[in-house]
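Okay, so we've got a single protein chain in two different forms coming up as structure tokens, structure 1 first and structure 2 after it.
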Structure 1
Amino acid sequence: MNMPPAISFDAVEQVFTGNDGAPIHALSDLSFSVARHEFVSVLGPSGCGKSTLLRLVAGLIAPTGGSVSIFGYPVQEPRDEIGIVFQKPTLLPWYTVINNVTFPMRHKYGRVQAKDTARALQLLDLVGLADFADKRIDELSGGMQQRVGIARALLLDPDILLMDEPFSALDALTRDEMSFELLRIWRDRPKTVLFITHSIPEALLLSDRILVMSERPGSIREEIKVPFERPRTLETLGDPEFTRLANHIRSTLFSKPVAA
């Protein structure tokens, strides 16, 4: 028996109502699937519905047409098997690092057990912050704070990790460092990852596949299978095929679709 996709979009339409009452068509006839433990990035112009796509998977909104499913079951509400890493880590400054990581347990169950703290410490070790568990958030750099956000998202051991431009606020060097760090974490703790980004090199370095979206209303213009073997390294960035694919994706994003 074949396992259903971890994530599946079937002819999804998404329409919002603007402040003036006019309809805003965010997504149109969006269909794709993501296999379990696959890493898929989504690229597209600003306003094309990338973040809307994540909100649909997370169960924060319902599609106005079509269906979104997780492991074959329609998404109807937020679920524990989904973790989310936002563009900004949205940490609580009055909590220590360890208390920020365990916050999902406190929020969901009203308490944190010793086993939860032990798992949080393991996750902080995984993201390289074992020595910072008792530090205040304002004592950490931006990259370190984002690692805390990743550890927090992993606390409930979700099958699916949704990442909404998690490194976009970081400087270029830290962003590269975090990309390789994410590759290591994903290798050590495999998850199904749906990753939103505006960075073409980032998408090529991290992904198994890349979905290139059209302008609003967003739909899939092209699906690209990334050919580089894992583990990815600095040498991957210098591969001529890496440059060729990056240029191809740029030309796809910057060209206007041909009308039918």
Structure 2
Amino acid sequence: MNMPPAISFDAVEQVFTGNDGAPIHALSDLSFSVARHEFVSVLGPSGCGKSTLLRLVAGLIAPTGGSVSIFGYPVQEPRDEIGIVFQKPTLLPWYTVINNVTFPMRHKYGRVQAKDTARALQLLDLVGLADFADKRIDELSGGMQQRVGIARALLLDPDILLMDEPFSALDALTRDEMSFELLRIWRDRPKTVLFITHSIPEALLLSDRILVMSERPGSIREEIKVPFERPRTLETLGDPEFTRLANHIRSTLFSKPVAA
């Protein structure tokens, strides 16, 4: 039996029209796939099309060329089995923290049941914000808001979790803590995760595989299989291989493509 990959991109092109009417070539000939329950990180320079890639998976935009499929089916619109953590927190200031977490239920089905609220509380506990359930969004720091966004993405227990630099607003310590927490969630409830980040150590610590993207127009420059045993711990960070891989990725990111 051959299961289709959870996510697959086949020669995807994405061209936007800028405000001045000039075309912006965001992605070019982008092909990769993510297996079911695989944890894949995407690293790449700013503006190379990482968020665009994520929007394509989410079905928020349609590719101008090539095809994007989920579980073997071309993406035509947003789908229920996907949870998204956006690059900006995108919380709704007119709702309390808990109501932001239950927002997917309220927005999709028009009502929130007691069990949804209970689950939301559990998720808030998970991201360390149990005491803030009834606070308003503007009473939270940027990092706390990002964590509310993570809890919200997990509410419907999605098969595919798309995360766009979810930890970038967190301090280093919380960041490590959240990374391990994410690994635990992923182990307990296996999901396919597509994780966009700017942090090489974060990508190495979390992923099965890392896609390194080229500058705009973005395509895959290199695919790196991350060899470390799971569960990964703080010790993983000290592994000499870890440092070697990190240096390798860093040089890949910095090197300009050889002129053809």
Ligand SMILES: Nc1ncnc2c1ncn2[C@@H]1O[C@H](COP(=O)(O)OP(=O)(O)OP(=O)(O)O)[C@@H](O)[C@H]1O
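Note that the structure is predicted; figures quoted are calculated from it, not measured. Here the rigid core means the biggest group of C-alpha atoms that line up within 1.5 Å when the two forms are laid on top of each other. Structure 1 provides the reference sequence; residues are numbered from 1 along it.
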Would you check which of the pair is the form predicted on its own?
1
Rigid part versus rigid part between structures 1 and 2; hinge residue out of Thr174, Leu183, Met105, Pro158:
Pro158
When C-alpha atoms are superposed, by how many degrees is the smaller rigid part rotated relative to the larger between structures 1 and 2?
16
What's the distance in angstrom the Cα of Leu92 travels between structures 1 and 2, core superposed?
3.7
